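Below sits a lone chain in structure tokens, taken as the form predicted alone.
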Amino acid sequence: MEPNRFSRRSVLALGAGVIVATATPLQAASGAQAEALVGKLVDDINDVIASGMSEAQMIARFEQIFIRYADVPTIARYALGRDSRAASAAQMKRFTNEFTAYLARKYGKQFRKFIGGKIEMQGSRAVKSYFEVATMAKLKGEAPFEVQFLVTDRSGELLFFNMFIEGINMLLAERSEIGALLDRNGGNIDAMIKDLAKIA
């Protein structure tokens, strides 16, 4: 799959992988609360899209949005996979910081393509221990496509821990990317983190 590129063909490459949800039941969270969270997230994304900011400014803002609305530690640990168990606390902190910046660059560039378009809320449904909140991305000159956010309060705060863009599972895609980067660095976590920081 070409880096930083979403397409319907990518769905076949990723297969039908599904994120394994925790066994912890939802606590006080409701579908309405999950929709409210994603609604605020979508509003913030739409504001950035319509802001006229430079790409660098937009990416910096998307990093702030990601930190605000995403369960960053869970996403980072999943992306690192079993190597997260061998990583020290300091390595996990460095990786989480660089991984967050990397995601902001990667997905910020994708959302920048939405300029002139918008993302609209579609609704939510409960799925075991999380909520699936659907939105619709409407871009000029392209057919609308769905962007789904998976939301849970298992961290103690209602946050999204995965998203699907045109059916592409962000967590599985990033786990594959980080795994390939680790392989290229012979399993050396510190070297992988340095390379991750260089990815534009």
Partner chain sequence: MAKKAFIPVLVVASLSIGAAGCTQRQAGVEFTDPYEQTNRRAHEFNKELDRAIVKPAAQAYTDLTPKPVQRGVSNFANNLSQPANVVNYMLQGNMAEAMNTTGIFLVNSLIGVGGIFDIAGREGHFARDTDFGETLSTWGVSEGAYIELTGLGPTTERGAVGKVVDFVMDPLASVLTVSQRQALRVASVSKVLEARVEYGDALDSVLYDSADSYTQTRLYYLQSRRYELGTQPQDIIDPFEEMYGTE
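Every value quoted in this text rests on a predicted model; they were computed, and no experiment measured them. Residue numbers count along the first chain shown, from 1.
Missing here is the form predicted together with the partner chain; even so, the following discussion is about that form.
Using a 4.5 Å heavy atom cutoff, none of A32, Q64 and Q122 lies near the partner chain in the predicted bound form. The partner chain in the predicted bound form is not approached by R68, whose heavy atoms all lie more than 4.5 angstroms from it. Although the partner is absent here, D190 is not a contact residue: none of its heavy atoms lies within 4.5 angstroms of the partner chain in the predicted bound form. In the predicted bound form, A143 approaches the partner chain with a heavy atom inside 4.5 Å.
In the predicted bound form, T74 approaches the partner chain with a heavy atom inside 4.5 Å. This chain lacks the partner; the member of M53, A134, A36, I168 within 4.5 angstroms of the partner chain in the predicted bound form by a non-hydrogen atom is I168.
Taking the partner chain as positioned in the predicted bound form, the residues of 166-182 that bring a heavy atom within 4.5 Å of it are, in sequence order, E166, G167, I168, N169, L171, L172, A173, R175, S176, E177, A180, L181.
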